[in-house]
Ligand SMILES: Nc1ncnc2c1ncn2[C@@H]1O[C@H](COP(=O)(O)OP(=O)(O)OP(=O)(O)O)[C@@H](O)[C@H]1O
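To begin, one chain is listed below as structure tokens, in the form predicted on its own.
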Amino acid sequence: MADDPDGGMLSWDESVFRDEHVFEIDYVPETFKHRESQTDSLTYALRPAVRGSRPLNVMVRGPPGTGKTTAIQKLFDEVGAQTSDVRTIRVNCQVNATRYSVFSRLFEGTFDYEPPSSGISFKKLFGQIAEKLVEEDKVLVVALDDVNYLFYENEASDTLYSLLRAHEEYPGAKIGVIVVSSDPALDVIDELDSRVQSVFRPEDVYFPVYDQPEIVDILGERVTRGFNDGVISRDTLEYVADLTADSGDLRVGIDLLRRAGLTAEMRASRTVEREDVTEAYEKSKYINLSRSLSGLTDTERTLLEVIADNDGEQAGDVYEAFHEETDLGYTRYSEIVNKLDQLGLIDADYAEVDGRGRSRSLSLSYEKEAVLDRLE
């Protein structure tokens, strides 16, 4: 291959990538395009914190892959570069989906070490965080990223209540909250308890889906930074952008570029062609599915497998099969069904059933093979 007269083939130690890290989902780009108004709104809300006051609370909404997390990460980096008197902590609620685990993460961010794994009550955990903030006279800004997962576990109201009322129990504690929801069907304010609604009056910042020209612009910069010169043509980039626009999620396009590059390398090619993109898309289009599955517990995964084996069956029949596997009661089963439905992993539709009244039928929202392959 190294002797290829046309120079079109990669040798074993060559790559199409200049910097493959650019195509990782958690990469924060140096330039953040097409989100100027949203960034301005977030900056406005956090400006009081830089002056030592409690910041405005913010509700950030928008579908997955629209730049919400990146905007917050970049803003937190800027605040950290400006002052040491503001502590910023982003909590991934897909991983930390209970009030206690959220505050454990806040404890770790405050003290730079994890709290004891057992033997410490929530009240003591919370008290130590608040007292540290008062002692150091620091403002805490908490971003509850993917807060929808707290709602799925019925933990959102208690978590927000504790954060928003902290200054009453611990005078001098200054805490601001940014809640970030990726569930378009979730009305955050309406789903909160009235005791939380009375104190939570957030600024509303909406992140719409990127349009095709914006996607071309953003992915084009990734291509420039991540691939060697000439690896992807303009036509191929626009094809990637079209597929990304169809999915509504920029992360699909970023993952697609990386996989298409790896596919080209498998062919020992110096360029990424349209067929590489088409082949890679068969995996990249399921990035949201993979992400949702990664946050499920073993019991939730088991129910999804049972639904896959009983696709389209009534909820009662699915429960019998699930109960045989787990021995769990119907109440917990119903809670998990609701969560999987809210995550968009299943469709739980009500219908009239002869002799049984209204009942839900449960079916997968994705192809059965795609779900089962990713559950393994």
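Start at 1 and count along the sequence shown; that's the residue number. Quantities reported herein were computed from a predicted structural model and do not represent experimental measurements.
The same protein has a further form, the form predicted together with the ligand, not shown here; the description that follows concerns it.
For the options Arg251, Arg267, Lys138, His167, the one in contact with the ligand in the predicted complex, meaning a heavy atom within 4.5 Å, is Arg251.
For the candidate set Asn338, Thr70, Thr326, Asn310, a heavy atom within 4.5 Å of the ligand in the predicted complex is found for exactly one residue, namely Thr70. At a distance of at most 4.5 angstroms from the ligand in the predicted complex, all three residues Lys33, Pro64 and Asp146 contribute at least one non-hydrogen atom.
Although the partner is absent here, Ser247 lies well away from the ligand in the predicted complex, with no heavy atom inside 4.5 Å.
A residue is said to contact a partner when one of its heavy atoms sits within 4.5 Å of a partner heavy atom; Tyr44 fails this definition for the ligand in the predicted complex, lying far away. Shown alone here, Ile25 lies within 4.5 Å of the ligand in the predicted complex, counting heavy atoms only. Contact between Val177 and the ligand in the predicted complex is not found at the 4.5 Å heavy atom cutoff. Residues within 4.5 angstroms of the ligand in the predicted complex, judged by any non-hydrogen atom, belong to 215-223 and to none of the other stretches in 215-223, 152-160, 167-175, 186-194.
In the predicted complex, the ligand lies within 4.5 angstroms of a heavy atom of only one residue of 279-300, namely Arg291.
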